[in-house]
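As structure tokens, one chain now follows by itself in the form predicted on its own.
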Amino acid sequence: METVQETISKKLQPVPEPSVRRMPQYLHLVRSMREKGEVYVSAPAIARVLNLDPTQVVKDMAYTGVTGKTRVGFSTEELQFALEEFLGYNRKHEAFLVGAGFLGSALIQYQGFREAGMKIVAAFDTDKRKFGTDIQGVPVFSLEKFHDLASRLHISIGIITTPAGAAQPVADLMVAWGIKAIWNFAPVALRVPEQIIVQDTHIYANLAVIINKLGQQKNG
């Protein structure tokens, strides 16, 4: 009988991004259920809590390699392990952050990243006053040191929390210096080679949606 890891490794089809985005919600729920002593959980039960379609839940779970049992559902222990494996939470992912300002400092201090298997191990900036300081034990270096340290530590993830005008030049440097995936918090669309993974988190865009919807409610 195949293990969960073997099942996952054999899956060749790409997982739809919406399914990937739901996986952390599933994991949070399953962890909570296990803490309460619940041994099994059904797809309809998950769907009710997360306001999803039960059929969609079953499809999403199939990507993890876990199958439920008739009348009882999924083993919460097995499901938690499979979700953590799928999301890479059981593996260590180290990242460099460029832009040691308020946002960058907040991200460095956020403990949830470590629970998700990611650790920001160094920060970089162009402000000389920040060189040699640290943020919660994470050292801040000159941007010029990024290349050498990324190469020596085999870092593949770069996080951009710079002002908008600096984001593209920083992204260009990251690509040239071997970074394979960029998490961009700057409010700009980055231009990078096709093979580079980019995930944009535009805080201002999300805020604009909230304010717009709030205005619609008031005017409705």
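We call the rigid core whatever largest set of C-alpha positions still superposes within 1.5 Å between the two forms. Residue numbers here begin at 1 and follow the sequence given. Just so you know, these numbers come straight off a predicted model, no measurement behind them.
What comes next is about the form predicted in complex with another copy of the chain, which does not appear here.
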**OP:** Mark L87 yes when one of its heavy atoms lies within 4.5 Å of a heavy atom of another copy of the chain in the model of the complex, and no otherwise.
**Re:** yes
Original post:
Looking at the partner-bound form in the model of the complex, is A43 within 4.5 Å of another copy of the chain by any heavy atom?
Top reply: no
**OP:** Report yes if any heavy atom of G132 sits within 4.5 Å of a heavy atom of another copy of the chain in the model of the complex; otherwise report no.
**Re:** no
Original post:
Does W177 make contact with another copy of the chain in the model of the complex, using a 4.5 Å heavy atom cut-off?
Top reply: no
Subject >> Residues R34, V58 and I120 all lining another copy of the chain in the model of the complex, heavy atom within 4.5 Å >> reply: no
**OP:** Using heavy atoms only and a 4.5 Å cut-off, determine which of L103, L143, L149, V138 is in contact with another copy of the chain in the model of the complex.
**Re:** L103
Original post:
With the core lined up, does the C-alpha of I211 move 2 Å or more between the shown form and the other one?
Top reply: yes
